[in-house]
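Starting off, we have a lone chain in the form predicted alone, written out as structure tokens.
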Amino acid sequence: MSVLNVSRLKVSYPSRDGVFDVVRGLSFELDEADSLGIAGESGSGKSQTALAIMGLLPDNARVSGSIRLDGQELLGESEQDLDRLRGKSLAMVFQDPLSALNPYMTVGRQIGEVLELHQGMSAKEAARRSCELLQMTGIDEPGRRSKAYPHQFSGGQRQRILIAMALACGPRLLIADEPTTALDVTVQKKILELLRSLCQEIGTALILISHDLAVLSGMCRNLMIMYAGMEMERGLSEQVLLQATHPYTAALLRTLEDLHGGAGPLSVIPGEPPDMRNPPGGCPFHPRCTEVMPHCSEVIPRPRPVKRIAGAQSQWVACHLEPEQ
């Protein structure tokens, strides 16, 4: 059953030079209890996509297309209607937990507020459930620690508190945007394992955004590679990583191999990501692509099923190397 359906999503911002697009015609679906990893360089539109789904883009953003959660259209909904969904059906774990938590409220009260608002619990019931959620996410002495403030916890503990808050009402969809970037490797692994196990336990669909393909491959069943606001490649994580068909995906994987391979100079992707105020024509990756063809600079490739690799089931790529059917 499809939980999230994003169709032809476009996010634009006005500037002195005109309107420029940061997400350009993105489409994908996510089923119940399924997981999607989104990867790409900074500026590829990953976080803008997440904020568009949550309805948290700034006021000057222009959004078009369709975002449906369990069949309900989110674009065009009032702020009041979105507030009824956020925290209950739709939740997000942000990269910086310290700025995402209210420094003037105890963590137990912050979790309890969500339960009172969306579950109709009394303050006493919400306080008890908050302690259960803190314990479930690995916070010791939850009764005592629930009365503490965010600054009294470590970075890893604060991230656990955010996860507890996000999953308190058993949301249909959880978006985690670089949730472990500021944490050390040991804590990062524990947080990711916790996030995955809790989502599987309650059947929540998960979108995980990260620069780290290794993290996404271990966490998510599906993977989408973004560049310049567009989908470059999408499919089952194992297929995309073992049978990459887009030159951009292959270039990202070479940098990952070098990090774990040892000797020799590191691979880099030549050039820089495009300035979205003045993007190149055609395929946005063509100025940096090692397999560029003449028409790559003229025609934008649309996602199409991969046919040239045997066994590449449900894999899509936006590249002229893959002939259209």
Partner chain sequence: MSWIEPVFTFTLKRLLSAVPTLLLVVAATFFLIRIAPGGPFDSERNLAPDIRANIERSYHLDEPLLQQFGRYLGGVARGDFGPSYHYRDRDVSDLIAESFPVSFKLGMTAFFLALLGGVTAGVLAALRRNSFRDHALMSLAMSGISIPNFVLAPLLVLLFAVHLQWLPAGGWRGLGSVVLPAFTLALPQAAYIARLTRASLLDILGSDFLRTARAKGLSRSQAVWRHAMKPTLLPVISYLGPATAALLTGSVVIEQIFQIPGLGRYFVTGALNRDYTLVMGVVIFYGSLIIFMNLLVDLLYAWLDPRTHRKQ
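What you see is a predicted model, and the numbers here were worked out from it, not measured in a lab. Positions refer to the first chain, counted from 1.
One more form of this protein exists, namely the form predicted in complex with its partner chain; it is left out here, but the text below deals with it.
J.: Decide if the three candidate residues 100, 152 and 165 all line its partner chain in the model of the complex, where lining means a heavy atom within 4.5 Å.
T.: Checking in the model of the complex: 100, 152 and 165 are all within 4.5 Å of its partner chain.
J.: Heavy atoms, 4.5 Å, its partner chain in the model of the complex: which of 197 to 205, 109 to 117, 242 to 250, 211 to 219 makes the cut? Say which one.
T.: Correct option: 109 to 117.
J.: Find out whether any non-hydrogen atom of residue 129 is located within 4.5 angstroms of its partner chain in the model of the complex, and reply yes or no.
T.: Contact with its partner chain, no.
J.: Given that its partner chain is not shown alongside this chain, does residue 182 nevertheless sit within 4.5 Å of it in the model of the complex, heavy atom to heavy atom?
T.: No - in the model of the complex, heavy atoms of residue 182 and its partner chain never come within 4.5 Å of each other.
J.: Would residue 90 show up as a contact with its partner chain in the model of the complex if we use heavy atoms at 4.5 Å?
T.: Judged by the heavy-atom cut-off of 4.5 Å, residue 90 is in contact with its partner chain in the model of the complex.
J.: Is there a heavy atom of residue 236 lying 4.5 Å or less from a heavy atom of its partner chain in the model of the complex?
T.: Although its partner chain is absent here, residue 236 would stay clear of it in the model of the complex, with no heavy atoms inside 4.5 Å.
J.: Just one of 193, 83, 125, 73 has a heavy atom within 4.5 Å of its partner chain in the model of the complex. Which one?
T.: Looking at 193, 83, 125, 73 one by one, just 83 meets the 4.5 Å heavy-atom criterion.
J.: Note which of 63, 33, 54, 269 lies within 4.5 Å of its partner chain in the model of the complex, where distance is taken over heavy atoms; exactly one does.
T.: Result of the distance check: 54.
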